[in-house]
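Presented below, as structure tokens, is a lone chain in the form predicted alone.
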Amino acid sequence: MSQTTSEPTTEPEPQQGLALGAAPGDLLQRLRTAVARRTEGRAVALLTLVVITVAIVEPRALTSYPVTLGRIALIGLVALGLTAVILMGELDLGVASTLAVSGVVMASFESLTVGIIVALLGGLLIGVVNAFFVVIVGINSFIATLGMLFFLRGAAFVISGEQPVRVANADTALQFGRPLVGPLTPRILIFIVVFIALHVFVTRMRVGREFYAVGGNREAAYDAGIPVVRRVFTGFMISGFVSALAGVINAMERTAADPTAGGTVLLASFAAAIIGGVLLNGGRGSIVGALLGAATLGILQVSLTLSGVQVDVQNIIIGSVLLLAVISDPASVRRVMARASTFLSERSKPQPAG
């Protein structure tokens, strides 16, 4: 009897009380972990800096909503597609050429509907070819898509006869470029839809979440049973389709397809993804970050254009912003600090007598 009464039957209660008492600390730790895992911090900081600077130097860029939002949408569309590829540690250098050739293909058809369908299917086919060379043939994605860049740019010039191709139904194209809701044109609305779709895809759907696993550790992804080859094909197809969609939209709004279109899109879209925190090695990044990066560069480009800055100088400034984003990455900062600490410790060691 004494044994039964002396048993610590109430022992679990103090443990529960300790757990409840530690809840605020656990919550704070979880909050710190969540913040540490986010990759959009640099994008928010750079966007804030750019907005403040533009508001002082060229405030018209912040009030010219159709122009600024349209530029953000064009850069953002391509950057969103690129993000799907970069998350898996691959590159797609042919996005700008896909944009150009898709617009030319669309404008080459008498029927606008048929032209749009063929152009979008062409974008999917380009993604399939890129993925085939990367995961089946085994060519590095940088080399494979660099070759595709030159091939598609040449194809755009051949198809167009080195001249802009007017859209057959110019009236419909003109309607497409007009605002539908306030300053929101079809380009901006399509961009919003694509953003939401891709965000849900990579955050809520299993296929999209596996992109991070493929980019983080491909061998581990293979061992875990993830169909890596299919995921890479899916990523490149998304990039090709979205780039083709951007080309169709660009040609519709201009009522003509230019084979030289997208000359500055490649640099800007890559910069938008990197500024948004997407790691080129794969496994880290977000669609939200790509949106923030596109907004930063879109506002910056419009303000520079309104200020009369030449395109070459704009590229220098964009490159500088990209470099700033890269060197301000926390991982880069930690590596630099570690190397500096190692260097200083080596210098502080007593030198042997000569």
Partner chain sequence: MMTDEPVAETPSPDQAAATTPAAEPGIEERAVTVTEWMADRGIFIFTALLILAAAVFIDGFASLTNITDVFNRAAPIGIVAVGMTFVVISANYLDLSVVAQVATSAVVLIAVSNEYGFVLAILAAIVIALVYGFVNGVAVGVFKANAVIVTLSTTFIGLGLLRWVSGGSIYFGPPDGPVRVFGSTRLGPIPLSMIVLVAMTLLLSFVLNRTTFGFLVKAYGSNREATRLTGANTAMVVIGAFVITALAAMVGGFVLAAFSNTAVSSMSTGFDFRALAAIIVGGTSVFGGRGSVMRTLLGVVFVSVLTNIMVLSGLGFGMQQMAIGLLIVAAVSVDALARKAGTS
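The structure presented is a predicted model; accordingly, all values stated were derived computationally and were not measured. Rigid core: the largest C-alpha set superposing within 1.5 Å between the two forms. Positions refer to the first chain, counted from 1.
Omitted from view is the form predicted together with its partner chain, to which the following refers.
So its partner chain isn't shown here. In the predicted bound form, which residue out of Ala170, Val193, Leu124, Ile136 has a non-hydrogen atom within 4.5 Å of it? By the 4.5 Å criterion, the partner-contacting residue is Ile136.
State the residue from Val50, Val288, Leu306, Leu322 whose non-hydrogen atoms include one within 4.5 Å of its partner chain in the predicted bound form. The residue in contact is Leu322.
Leu146, Ala155 and Leu267: each with a heavy atom within 4.5 Å of its partner chain in the predicted bound form? The answer is yes; Leu146, Ala155 and Leu267 each reach its partner chain.
Does its partner chain come within 4.5 Å of any heavy atom of Leu280 in the predicted bound form? Output for Leu280 is yes: heavy atoms within 4.5 Å of its partner chain.
Leu62: touches its partner chain in the predicted bound form, heavy atom cutoff 4.5 angstroms: No - in the predicted bound form, heavy atoms of Leu62 and its partner chain never come within 4.5 Å of each other.
Are any of the heavy atoms in Asn140 no more than 4.5 Å from a heavy atom of its partner chain in the predicted bound form? Close contact exists here: in the predicted bound form, Asn140 approaches its partner chain to within 4.5 Å, heavy atoms only.
I'd like to know whether Ala55 contacts its partner chain in the predicted bound form, with contact meaning heavy atoms within 4.5 angstroms. Outside the cut-off, so no.
Taking the partner as it appears in the predicted bound form, which of 42 to 50, 310 to 318, 66 to 74, 294 to 302 has residues with heavy atoms within 4.5 Å of its partner chain? Heavy-atom contact with the partner occurs in 310 to 318.
Answer yes if the CA of Ser320 moves 2 Å or more between the shown form and the other one after aligning the rigid core, and no otherwise. Where the cores coincide, Ser320 still shows a C-alpha shift between the shown form and the other one that is 2 Å or more.
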